[in-house]
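Before any questions on binding or motion, here is one chain by itself as structure tokens, the form predicted alone.
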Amino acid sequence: MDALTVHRLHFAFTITFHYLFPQLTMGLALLILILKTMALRTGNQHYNRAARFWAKIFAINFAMGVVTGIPMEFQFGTNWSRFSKAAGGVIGQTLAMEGVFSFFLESSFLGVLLYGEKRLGPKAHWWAAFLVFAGSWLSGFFIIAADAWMQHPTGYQLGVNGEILLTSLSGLLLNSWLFWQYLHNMIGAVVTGSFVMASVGAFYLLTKRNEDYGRTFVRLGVIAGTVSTLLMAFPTGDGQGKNIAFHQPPTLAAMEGLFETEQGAPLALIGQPDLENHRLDNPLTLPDALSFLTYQRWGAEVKGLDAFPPDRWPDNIPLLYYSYHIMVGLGTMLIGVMALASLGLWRGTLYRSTARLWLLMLMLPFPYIATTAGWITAEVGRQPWLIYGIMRTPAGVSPHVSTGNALFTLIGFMGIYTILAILFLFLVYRAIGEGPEPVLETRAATV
């Protein structure tokens, strides 16, 4: 295994583990704000206690996100120094703005949200929840802006020594790729937050404890989940797909397993890419569907991989193809589950339906899997480019960090993150076990 491969595995591991946490905080930020809004409008302390419970879960995730996120920025210098030297003047802008504008906003008012309820009035405390939400979603914007620039570079010029110079801040922050990628990512975070909330609510209803809160969590989770899963498919998923079709056509062909250019290209539901024979084995396809979804014409031409030189093909087509289809397949399943739960909610049978509650509870890991598959699709699809069309991945790696050094730190990170994962699960388990109203508080209220 060469150093480049280890560096790529190192960053893939750390960023995949890290993003397990921000996706929930960004999703919960909106749902907590909704609970605080309901509390403000109704004056019912039930919603305040519900918001306080999820703020604890938010805080645990936030802390884990900070701990696992900081090492990634160091990795730009340790593992990808040539990339940092060339592009630091561009992505350094968005990373700095994320730290200064959004991280401090979110972290400061998270403290107010957690500990300021008794000192602040209801309206002021609602504003704390709003500013945590704003900071969380603003953080997502700046990070996605950096990634969108790597996917579709804008607002730059090359210097005399090959360095990449930022010439337009608006070009960086108003990148045409950024709009759909940001919305798709943030709606995905709401999907994760909704399923987690509905899953915990279903657990409370099935175990017949904290049932009032269980009903609130299931209702809000299902309603938000139904809306967000539909928005994931259209328009955000459709818009992101068009980004790829227009700016990275070899990626689209690889994602769909389309080896030959076709008019009226089919949409592959299942199949196995055969790289040696340049075909899709055992395909199950929808005729003309890919052409229609991409260009809104049934007979439109979609370029296959044969239209591009092999050095522009993504360098791991099977991984790209399968991760994309896992994302789409799980996304479709999530829509179906929320539609079924919404039907039960509308009919008033959901809270009594053991089967549907079990389904909601057991669905908890699948939004995480779908989101991870989506990010693999985005990042593997950009390959072999580190910055699309400008810098290939091997050109950005640190030249003096050996395979052994990189592998040593990767193993070390795996060990430390395993300990962090155990600690995280223990803290969340304890918070859910205590519930929105701890046993001592409940007993005191009944005496």
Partner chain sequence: METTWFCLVAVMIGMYVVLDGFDLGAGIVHLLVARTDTERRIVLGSIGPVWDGNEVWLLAAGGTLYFAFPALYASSFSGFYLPLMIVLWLLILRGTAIEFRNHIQSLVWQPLWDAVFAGSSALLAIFFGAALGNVVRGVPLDASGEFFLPLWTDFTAGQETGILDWYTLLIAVAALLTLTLHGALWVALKTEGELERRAHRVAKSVWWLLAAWVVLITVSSFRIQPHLQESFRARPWGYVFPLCALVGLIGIRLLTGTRNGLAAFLCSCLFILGMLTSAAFGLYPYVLPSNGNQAFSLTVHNAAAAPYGLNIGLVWFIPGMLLTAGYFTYTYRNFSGKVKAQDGAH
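This is a predicted model, so every value here is computed, not measured. Positions refer to the first chain, counted from 1.
The form predicted in complex with its partner chain exists for this protein as well; it is not shown, and the discussion that follows is about that form.
Is its partner chain in the model of the complex close enough to M97, L169 and I416 that every residue in that trio has a heavy atom within 4.5 angstroms of it? Every residue of the candidate spot has a heavy atom within 4.5 Å of its partner chain in the model of the complex.
Among Y322, Y368, F130, F101, which has any heavy atom within 4.5 Å of its partner chain in the model of the complex? None of the other options qualify; the answer is F101.
One residue of T216, Q93, S291, Q181 in contact with its partner chain, assessed in the model of the complex (non-hydrogen atom, 4.5 angstroms): After the contact test, the surviving option is Q93.
Does Y429 make contact with its partner chain in the model of the complex, using a 4.5 Å heavy atom cut-off? No - in the model of the complex, heavy atoms of Y429 and its partner chain never come within 4.5 Å of each other.
Does N79 reach its partner chain in the model of the complex, with heavy atoms at most 4.5 Å apart? Taking the distances in the model of the complex, the answer for N79 is yes, it comes within 4.5 Å of its partner chain.
Is the gap between G88 and its partner chain in the model of the complex 4.5 Å or less for some heavy atom pair? The answer is yes: G88 has a heavy atom within 4.5 Å of its partner chain.
Flag I390 as yes or no: does it have a non-hydrogen atom within 4.5 angstroms of any non-hydrogen atom of its partner chain in the model of the complex? Result no; I390 lies far from its partner chain in the model of the complex.
Exactly one stretch in 71 to 79, 352 to 360, 304 to 312, 331 to 339 has heavy atoms within 4.5 Å of its partner chain in the model of the complex; which is it? Heavy atoms within 4.5 Å of its partner chain in the model of the complex occur in 71 to 79.
Those residues of 395 to 412 which, in the model of the complex, come within 4.5 Å of its partner chain by heavy atom: Stretch hits, in order: S398, P399, H400, V401, N405, A406, F408, T409, G412.
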